[in-house]
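One chain follows as structure tokens, the form predicted on its own.
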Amino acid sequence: MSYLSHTDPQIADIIEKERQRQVGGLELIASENLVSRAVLEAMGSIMTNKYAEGYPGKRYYGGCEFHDMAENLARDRAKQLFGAEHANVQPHSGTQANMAVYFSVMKCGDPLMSMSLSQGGHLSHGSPVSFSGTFYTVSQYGVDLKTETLDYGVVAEMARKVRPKVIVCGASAYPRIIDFKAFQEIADDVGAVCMADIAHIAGLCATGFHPSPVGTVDFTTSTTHKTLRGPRGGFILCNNDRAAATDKAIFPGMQGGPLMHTIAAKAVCFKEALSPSFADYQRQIVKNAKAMAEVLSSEGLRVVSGGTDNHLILLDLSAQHITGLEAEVALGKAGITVNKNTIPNETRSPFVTSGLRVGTPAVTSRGMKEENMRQIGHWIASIVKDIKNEAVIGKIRTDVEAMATRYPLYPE
């Protein structure tokens, strides 16, 4: 950071403060992870200097030969990793990947069916505050309020009534296995297109720790920055018969020049995910989440759906008579970063909530194992059960920092 420190010491200081926060704290945001040094280098490279509108071999600017090589590598590696026929790696985010799929098969006003935000879905799946809820006529399914898991019979019944053009499956706060084959069968039954958004579980799907939708559903979208441990960005996977419409929806349909430094970093991320050690990492993510869920439950906290099958845990804090926001703030004081989250049967605003979402990808990247998760689970429980006890929070903050500093951001 020598150049930045000289040119803009204020920004350099902010970045250093953020580095210290990450080094000395525990990142338990389910949608976050820690990229490798190689990904950081690609992101900060001179690839950012180039405009590369279009696609490899068909750019609107000269001088793109090396950018073509990088994008082709990213596409080929994504296809190899997931066993897909076609990949588009240009979406700037998961939301824009979803938008492109919608644009490729729907017109404004068409019926869209998806999972409710309050019960585990995502804003881009049809929330009224999102473009997806504005452009399309949205019907939303949720979970069974007793089991807090998906009831595919209810989803099928809704689909027969709604006759949607697109059915979206996948979630941002659902701790259980999703049956993508069941969703595609429901879509086929009503003549709909099925899109699986695996942004949260892409790493698990790529390594067999969650069933993959690729080759089963019509479209798969994802981000690269969650369990895939790559840069912030999105991508789309589909069969060759849908490739042209998908690519056209991204460019020129909704994006201009792709972020070539990010695409280079995506290529690095996909290469890392193809290594045998990446499967070991994904296995540990799930083991860590299960270990933490067991401790939280043993401490008397209610784990939504009774446990987890993936990288995240959803907690219902109603019995503790505190909000998700209050818990998020208190845990943050102790150096434990989580996010407030809505839960099934939610009665509070999304800005307040009755729940917490906790995830294990980032701490697992630092090399932490089940024993660490059990300790972290005890710390979380101690704080949420005595949320105003500043002495407890202060003591845990010291213990958190001691644990965190034993596990560097970039284990050798």
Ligand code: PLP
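Numbers follow the displayed sequence, beginning with 1. These figures come from a predicted structure and were not determined experimentally.
What comes next is about the form predicted in complex with the named molecule, which does not appear here.
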So in the model of the complex, does His122 come within 4.5 Å of the named molecule, heavy atom to heavy atom?
-> yes
Taking 4.5 angstroms as the cut-off for heavy atoms, does Thr308 touch the named molecule in the model of the complex?
-> no
Contact of Asn98 with the named molecule in the model of the complex (heavy atom, 4.5 Å) | yes
Is Ser93 close to the named molecule in the model of the complex, meaning a heavy atom pair under 4.5 Å apart or at it?
-> yes
Residue among Cys269, Ala171, Met113, Leu315 with a heavy atom within 4.5 Å of the named molecule in the model of the complex = Ala171
As a check of understanding, the residue in Gln284, Ser132, Thr223, Gln184 with any heavy atom within 4.5 Å of the named molecule in the model of the complex should be identified as Thr223
Given that the partner is absent here, state which listed stretch (292-300, 198-206, 75-83, 259-267) has heavy atoms within 4.5 Å of the named molecule in the model of the complex.
-> 198-206
For the stretch 342-358, which residues lie within 4.5 Å of the named molecule in the model of the complex by non-hydrogen atom distance?
-> none
